[in-house]
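First, one chain by itself in structure tokens, the form predicted alone.
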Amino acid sequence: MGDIISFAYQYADSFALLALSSIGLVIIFGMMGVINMAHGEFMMIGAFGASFGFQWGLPLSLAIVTGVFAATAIGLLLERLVIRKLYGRLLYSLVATWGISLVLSQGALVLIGPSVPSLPNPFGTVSVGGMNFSVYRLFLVALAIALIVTLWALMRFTNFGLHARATMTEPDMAEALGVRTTRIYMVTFGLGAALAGFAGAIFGLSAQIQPTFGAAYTPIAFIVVVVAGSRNIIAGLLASALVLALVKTSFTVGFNILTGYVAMLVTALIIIRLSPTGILDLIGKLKALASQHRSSTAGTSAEETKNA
């Protein structure tokens, strides 16, 4: 029983890490088609902003909000000055945002220094079945689920969500029907930057905050987002994070953490090879094959019964 609880805890922790690391990127890439190589730097800005806010005497919760505002402001500024000119130009956006990431990380190193004071972790531990678990890690799981549900509700039940989905699928038609697509793109990029900043501020409670802070999360985020695809970004994010977290946890428990990451990468490559449009289409194909197999089996059984 203890092994099951421990595995479930590690699985939930991996899911939270993958979901929170990628949730801002999936909004920008999935809805706008922009490869944001500066995603990790927005996480860094969120962590720096939260650290500075806490040093200025703000409560921890308000310090985290400060980090979110800092990432959002810089994201909106960059969208107006650079990103807006790159919509529909995938490779150009990759090169431009890669340059932005270098400017932000190296600029932070020059202006701020190699590190800043870390944020305090106010969470303790909880004991279950004689085993101690970090409340902070459980909080991350609840936070990841809450953010996914909130984004789903935003996209499903609000005018912004309706206009954003229309802009994502048929931008020219949406523009013709009166949707201000440039504003939708700006708000979407700002939302993605805000979510990245929020994730960075939250991760700053347990990690050293430095200019290379986001570099550890960017590859993970891109793996999750590519596997998620762009057909249904919220459902794709959820499915991608759940599957990859299961693979990572299984191999980490069975071998070590490096093997877990390698297995996750190999799984992502297999999924992309089988279904370049994302994991949801792969699931759909598997369901169709299963349904076809059941129909074939039922037909064979009926034929055998008739012959008998």
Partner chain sequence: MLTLTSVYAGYDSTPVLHDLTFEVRRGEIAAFIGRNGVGKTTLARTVIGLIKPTQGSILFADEDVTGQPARSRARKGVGYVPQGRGIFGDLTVEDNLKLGRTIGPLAPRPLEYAYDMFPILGERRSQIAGTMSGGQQQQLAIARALIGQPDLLLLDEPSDGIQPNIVEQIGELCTKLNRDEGLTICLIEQNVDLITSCAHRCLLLEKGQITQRFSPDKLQDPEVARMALAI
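Since this is a predicted model, take the numbers as computed values, not measurements. Numbering follows the first chain given and starts at 1.
The same protein also exists as the form predicted in complex with the partner chain; that form is not shown, yet it is the one meant from here on.
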- [ ] With heavy atoms only and a cut-off of 4.5 Å, decide whether Arg137 touches the partner chain in the predicted complex.
- [x] no
TODO: State yes or no: in the predicted complex, is some non-hydrogen atom of Leu154 no more than 4.5 angstroms from a non-hydrogen atom of the partner chain?
DONE: no
TODO: Would you please decide whether Val187 lies within 4.5 angstroms of the partner chain in the predicted complex, comparing each non-hydrogen atom pair?
DONE: no
Open item on the list: Given that the partner chain is not shown alongside this chain, does Met173 nevertheless sit within 4.5 Å of it in the predicted complex, heavy atom to heavy atom?
Closed with: yes
- [ ] Heavy atom within 4.5 Å of the partner chain in the predicted complex: which of Leu76, Ala215, Ala207, Val179 fits that? Just give me the one.
- [x] Val179
TODO: Could you tell me which one of Ser127, Thr169, Thr150, Gln106 places a heavy atom within 4.5 Å of the partner chain in the predicted complex?
DONE: Thr169
Task: in the predicted complex, segment of 197 to 205, 119 to 127, 154 to 162, 216 to 224 with a heavy atom within 4.5 Å of the partner chain - done: 154 to 162
TODO: Within 4.5 Å of the partner chain in the predicted complex, which residues of 192 to 231 have a heavy atom? Give them in sequence order, or say none.
DONE: Arg231
